[in-house]
Every structure is written in C-alpha cells, then in structure tokens.
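Here we start with a single chain on its own, the form predicted alone, put down as structure tokens.
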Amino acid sequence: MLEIPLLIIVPLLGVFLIVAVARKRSPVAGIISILAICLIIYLYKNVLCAIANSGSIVYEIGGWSMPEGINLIVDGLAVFMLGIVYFISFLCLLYSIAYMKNSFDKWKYYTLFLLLMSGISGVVLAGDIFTLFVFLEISAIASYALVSISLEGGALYGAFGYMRMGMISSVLILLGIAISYNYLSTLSIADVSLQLGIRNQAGNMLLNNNIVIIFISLLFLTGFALKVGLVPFHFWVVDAHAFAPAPVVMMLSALIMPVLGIYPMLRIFFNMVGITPRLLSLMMIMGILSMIIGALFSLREKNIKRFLSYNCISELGFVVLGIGIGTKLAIAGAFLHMISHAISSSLLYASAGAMDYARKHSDEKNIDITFKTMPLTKGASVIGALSVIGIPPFNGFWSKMIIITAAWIAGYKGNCLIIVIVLILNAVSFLKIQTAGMVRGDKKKSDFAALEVPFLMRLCMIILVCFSLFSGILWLSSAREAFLDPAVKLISQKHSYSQHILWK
C-alpha cells in the first residue's frame, strides 16, 4: 500500500520545496506546509479504511520481507497514535500561521515542523527497533531546533538542557538495541517477540529471571522515560516549555513527549520483549511519582508556561499509571487519557500563547487579561482547566474515571486515593492561576476588540473546546470500536502483535 511510505515522504518533500522555493517567500512556506498536512490526512484516511478491513498492513521496502528487510507496519496502535498526531499537528499549524506572522525566518520554522512530522510518522510506522531509533533521532533533532527557534537566551538554555537529556536517552536506547541484536541476531520487533516466546516455551529462559532481558528492559525504560519527562527524569521539561513559542510547546506536550516516549515503551515492552509484573510495578511507581511531583510543583508556580509544564508531567503520569496497572480497562483508560491530554494541554497552551500575543501587540503595558477583554481566550483556558481537573462532562473526567475504576477493580485502592488527592491539588493550583488575571476589567468596550487574537488562533481554540466537550463520548460511541479498541487489543493480548505481523 503506497500510502504508508508516503506518510513519511510527503512532509520530507514539503521540506525540500520550502528550502528550494520559499526561503524568501514566507507565505508560500505556510501554504506548502498546510497542503502537505492536508495530503497526509487524506493518505491517513485511506490507510484507516484499509486497516478496518485487514487489521494490519506490512509494507516491505525494496521487496525485502520480514524479518530481514526494513518494513513499515500499520496496525491498530499505529492508527490510533497517527490519528492523534495528525489532528493536533493540523491545529498547531493553523495556530502557527497567525502566531508566527511577524517572526523572522518563518521558512525555517515550517521546515522543522514538517521534518518533525516525517520523523514522528516514521517512529510510529517502524517495524524494527533500529529504524524506530533513526526516526526518533530525526524527530528529536527537529524538536531541539524548534524549542530554540527564537534564538533568545532562555530558549537556547531550554533547548540545550532538552538536548543534553535527549542525548543521554539516545545513548541508553542505542545500547539497548545493540545488546538486543547481539543476543537475538534480529532487529524486527515481531521477530524478537517470536524468538523470546519460543525460547520461553522451551524452558531455555524466563523473562523474569534472564539477566540480559532485564538489563535491556531497564535501558529501554530509562531511555524512554527521559523522552517522556517522567519523574525522576523530568528536569529538562520545565525550561524547554517555558521559553519555546506556544505552537511548539503545544506539539511538545501533546505529541513529542507521548510519541517519542510512551509509544516506544508500548511497542518494546508489550509487543517485543514482553511485559512482566516488575516492569508494570516500575511503570506504576514512575506514573504515581510524576502525578504527585507535577501537581505539587505546579502549586508554587506563577509563570503560566512553567505551571503548565508541571501539569503536563502530572497528566502524562496518569497515562503511565494506567499502562502500569496493566489490565484491559486500565490500558483503555490510559489511551483515552492520551487523547484527553493532547486536547486539553493543546488548549491550555493555545490560550496561554494567545494571552502572550495580546500583551505583545497591545499599546498598554502589563495589561490584565480578563473575561471582559478576551472572553474567548479566557473561556478556553477555563475549559482546559476543568478538563484537567476532571469535571464532567469534559474529556478529562471520562479517562480519569476509567483509570480510577480499573485501579479499584485491580485491587490498587491506594492508587485511587492518590488520584483523588492529585485531582484536588490540580483544582487548587488551577484556581490560583486562573484568578490571577481576573482582577481588573476597566477597559472601554471600544478597546476590547484590539486585544482579540487573529482568527486562525481563535479557530484553533474553538475546535479544541468542542473536542474537550465531546471527545469523551468516544468511549460510549461506535468510534471506540474502530479507533480505540484495536489499539487496546494489540497491547492487552499477549503475542497478538507477532502473530498478526509475521503471518501476513
């Protein structure tokens, strides 16, 4: 199916076109980027329809079959992740066109944006761990550059810290790949899973006791936890979020951290080396620590972007906790919360970016942003906060309620109490940060319109508000069967990945 490699190739072609013809024509660079994303979404729709009929598709590059060749694989989990990626990417690009209008070197921003899209698509579609690593590095390099795109001192400092932790992460992951290849003589995710399953059934090894597999698992867990920014590997997150442009931070929190960190964890531990109770326990501990530390540190923050970065750490902790519980219901809750986090964090950063934009383009200094001056932006910020806190009917309520229910059923009643405490801390911190900008509202009505952000930024926030209200219905609708259930099935059923892929 030619659409599969085109998901990676199309944004690369966009990069070459921008460099070739649009370096001195910034509007053209924006048009090329929009057309590339629209074409990717169209190709994704065709892939989604094909997956509904076949369950999974293997694309053999150069005619080399698995496990020897480089193969791109689309299955339920890949379709689920790509759906989130392309939806948020499209909104971020719309937001960027207005937000970056008066910035220098916009063509560089759009070039890096499309390069990031190509890398993320490659990470999700990779059928072997080395190809996954290559695209992981392409995505990481593009994200480092995007964080520092303004070339301001704070942005460079944040990007350097992000890059330093990313390099440590990459070394650990590459070392895990090297040891895995030396031990099993294959890089294919499905083939590794098959070989380990055969050896385990023959009594030659046990995943719980084999020192090589344990060491490989720890390398991968640490490396990808650094990519996510889980506690205790969260040091780079705050500075990278605090100084990057708003659309970059939207991508960083909603897509880059989950796709470059959580998605490879799922592939490696559930589809390749096999998950064990010890690994699940480690994930639960890291998830709980991230939830608590993120919520506690957000209480003391007054800077909106730093506040939201700690909240991002806490929210991704919910996802990892759900995965660590390990039951089918908990994994479904974790996946639903991944959608919820992508929407709510994008909405919060979009509203924060709109406030910064209004202040920079206002004639008054130190202006207070209130419901009277910017009702849409403040309303969007409040709705994003209500979603994060878990107030019904917003999307955060449904995903967190499912995770709490799954933890209770699995016997982790202490985790339920921790979740409730974290939600209370989130409510207190958001109440503090929301009331900070609602003190004055004494501007004349004629001056209110001057503060409104451009139409595309408002449109992006309106779309995210609508999805915050209605995406929770995904769990109750038929869309769950087509979009969510196949991903959950692939993770929760042992050996289903290798059986579906190797016998295609």
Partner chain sequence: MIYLLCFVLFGVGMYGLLVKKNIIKLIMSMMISSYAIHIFLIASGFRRHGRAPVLDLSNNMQKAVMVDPLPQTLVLISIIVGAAGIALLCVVAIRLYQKFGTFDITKMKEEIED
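Worth saying up front: this structure is predicted, and the values here are computed from it rather than measured. Numbering follows the first chain given and starts at 1.
In what follows, reference is made to the form predicted together with the partner chain, a form of this protein that is not presented.
Participant: Indicate whether Ala145 is a 4.5 Å heavy atom neighbour of the partner chain in the model of the complex.
Facilitator: Ala145: contacts the partner chain in the model of the complex.
Participant: Is Gly411 close to the partner chain in the model of the complex, meaning a heavy atom pair under 4.5 Å apart or at it?
Facilitator: Because no heavy atom of Gly411 falls inside 4.5 Å of the partner chain in the model of the complex, the answer is no.
Participant: Would Gly153 show up as a contact with the partner chain in the model of the complex if we use heavy atoms at 4.5 Å?
Facilitator: Yes - in the model of the complex, heavy atoms of Gly153 and the partner chain come within 4.5 Å of each other.
Participant: May I ask you to state whether Met163 is within 4.5 Å of the partner chain in the model of the complex, using heavy atom distances?
Facilitator: Flag for Met163 set to yes.
Participant: Could you check which residue among Ile292, Ile214, Leu299, Ile141 gets a heavy atom within 4.5 Å of the partner chain in the model of the complex?
Facilitator: Selected option: Ile141.
Participant: Please identify the residue among Leu175, Ile418, Val382, Ile424 with any heavy atom within 4.5 Å of the partner chain in the model of the complex.
Facilitator: It is Leu175.
Participant: So which stretch, 117-125, 238-246, 397-405, 72-80, is the one near the partner chain in the model of the complex (non-hydrogen atoms, 4.5 Å)?
Facilitator: Correct option: 238-246.
Participant: Thinking of Phe269, Asn303 and Glu315 as one candidate spot, does the partner chain come within 4.5 Å of a heavy atom in every one of them in the model of the complex?
Facilitator: No.
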